[in-house]
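Have a look below at one chain only, the form predicted on its own, in structure tokens format.
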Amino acid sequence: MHVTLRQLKVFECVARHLNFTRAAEELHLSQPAVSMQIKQLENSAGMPLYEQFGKKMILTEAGNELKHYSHAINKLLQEAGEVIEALKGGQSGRLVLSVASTANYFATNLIASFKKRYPETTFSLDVTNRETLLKQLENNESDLIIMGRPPREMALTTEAFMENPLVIIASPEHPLLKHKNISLEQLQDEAFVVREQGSGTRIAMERYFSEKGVRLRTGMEMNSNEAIKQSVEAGLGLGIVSIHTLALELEVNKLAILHVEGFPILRHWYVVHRDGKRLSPVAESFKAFVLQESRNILQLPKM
């Protein structure tokens, strides 16, 4: 069945009034134009949609079925128009956002602040590892992604919005806390609790120590920052994490930051999407909000 939206709109009006003249008046069309649209719709359906008994018009079974669907379709079109008008101001809409697991420590604060400004927006938030983020970028699955160093081999639009310092942490009882300006060589005998292969933190850590010609002893491998922090707190080794993950632990003195030469490793957070991606108004608004407001909303823990 091949129909046009115009035919459905005309039929919905006729079916509601059960009168061609009233429908023509509402639609600002001539009565012959309305009759022509209904005739074309009947030809497409292959069966009559109404019967005429004198001046009385009665819908057939097919006409009643089509009345239901045409009303639903026209209602959806009306709602879509209203939503599009609201979206033009970035005031409503749904945003599919993916963030690196470390970024989740501040991403929810950004979302909460954005929703105070635009309360009609809704979010789908996926907190995941770097490997999954790269797959999502490749498949264009998310509106926006917040991550560490973006891959250079992909065609991406990337904009840095905040520093992401990586620091070395230890339990408060660790003997190295008594020292200042700890050399990298002093760390070679220490066991490190590290993130899994492929994580952004792991890549940055390995790159940095390789450039310095220092080989670290990795005692345990974890797939989350929380696991690393708990292991370090328990005295299982040192760890390297983003300072964004440490606000609570530093405040209650569960962990401490070592003063190591060359640290912190300064990285950045980026808001990322595929090159040429047509962002929705709400995605454009959130991206601008992150770039302009994140420094005012998010405060780094003191080192």
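Heads up: residue numbers just count along the shown sequence, starting at 1. Bear in mind the structure is a predicted one, so any value in this text is a computation, not a measurement.
Keep in mind the form predicted in complex with a small molecule is missing from the figure; the text below concerns it.
A heavy atom within 4.5 Å of the small molecule in the predicted complex is found for exactly one of Lys67, Arg267, Lys277, His259: Arg267. Heavy atoms within 4.5 Å of the small molecule in the predicted complex belong, among the stretches 213 to 221, 123 to 131, 108 to 116, 171 to 179, to residues of 123 to 131. The small molecule in the predicted complex is not approached by Ser98, whose heavy atoms all lie more than 4.5 angstroms from it. With a 4.5 Å cutoff on heavy atoms, Gly93 does not count as touching the small molecule in the predicted complex; it lies far away. Mapping the unseen interface onto this chain, Ser199 counts among the residues with a heavy atom inside 4.5 Å of the small molecule in the predicted complex.
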